[in-house]
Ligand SMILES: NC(=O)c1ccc[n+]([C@@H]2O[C@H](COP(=O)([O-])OP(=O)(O)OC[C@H]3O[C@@H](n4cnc5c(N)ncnc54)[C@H](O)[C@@H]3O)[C@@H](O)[C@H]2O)c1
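Single chain ahead, by itself, as structure tokens, in the form predicted on its own.
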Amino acid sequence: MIFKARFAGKVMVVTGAAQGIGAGVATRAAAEGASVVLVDRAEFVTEVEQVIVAAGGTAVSVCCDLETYEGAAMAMAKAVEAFGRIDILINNVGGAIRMRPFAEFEPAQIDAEIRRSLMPTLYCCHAVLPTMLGQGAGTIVNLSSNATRGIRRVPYSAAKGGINGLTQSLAMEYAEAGIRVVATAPGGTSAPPRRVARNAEGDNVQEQAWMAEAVEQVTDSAFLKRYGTLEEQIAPILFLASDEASYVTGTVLPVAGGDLG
């Protein structure tokens, strides 16, 4: 369902916008009136921009690596350069790289999981603050996960637990400045095949078995006993981003078929 003009006059930055939930959030927000800044390190993020513009929306794309602070700062600077302000930031970058028992993770692999699923959100929240503080208003929606309780991905779970803490503390610290900070905690979500593999090295037979165990746990833990759809994740994100949720801050909303994580 499209809510016409819900984001009219708003500038929204969406990270991880080249595919999946991020692309869906950006496309629908543009259809609801937002001027959208699409941020991703995958160059095919420009394809999402083209779809939005062809449909009559307003969008620009920024290709940068949000696992670095320089990338986050550049993304926010490009958004301000293009539209003069940032009203909403959707922090969507993240995702488990490997599924395996914690004892099987190598130290470098642990670091990579934290760098992928915590640091882009932490960096982008910091980089956007000067703009939002200058405006005296802003909304940040972080994507956490119900995998704060789950198997075969402890480093990822720790990263998402960090996002929960970031969301609550940042909301408390900057409420008086007119900045809301909220999050959704998606559960398992059905999506088209990724165009960029989560694990560039590929999964061996054992890793595929561990992945199957994690998928089974996620499905069994959900009251609804199924994965969610992209639309079922996109709608809550945009609700929290909108003025309809103006009295909601510091909240992490589970969107996981009953599994609270």
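Keep in mind it's a predicted model, so treat the numbers as computed, not measured. Position 1 is the first residue in the sequence shown; the rest follow in order.
Beyond what is shown, the protein has a form predicted in complex with this ligand; the following relates to that form.
Could you tell me which of 103-111, 74-82, 140-148, 168-176 sits within 4.5 Å of this ligand in the predicted complex, going by non-hydrogen atoms? Of the options, only 140-148 has residues within 4.5 Å of the partner.
Exactly one of E67, D203, E32, E232 has a non-hydrogen atom within 4.5 Å of this ligand in the predicted complex; which residue is it? Contact residue from the list: E67.
Although the partner isn't part of this model, could you tell me whether V196 comes within 4.5 Å of this ligand in the predicted complex, counting any heavy atom of the residue? V196 belongs to the contact set for this ligand.
Please determine whether V181 contacts this ligand in the predicted complex, using a 4.5 Å cut-off between heavy atoms. No, V181 stays farther than 4.5 Å from this ligand in the predicted complex.
My question is simply whether A159 lines the interface with this ligand in the predicted complex - judged by any non-hydrogen atom within 4.5 Å. Flag for A159 set to no.
Does this ligand get within 4.5 angstroms of any non-hydrogen atom of V93 in the predicted complex? V93: yes, in contact with this ligand in the predicted complex.
Within 25-45, which residues have a heavy atom closer than or equal to 4.5 Å from this ligand in the predicted complex? D40, R41, A42, in sequence order.
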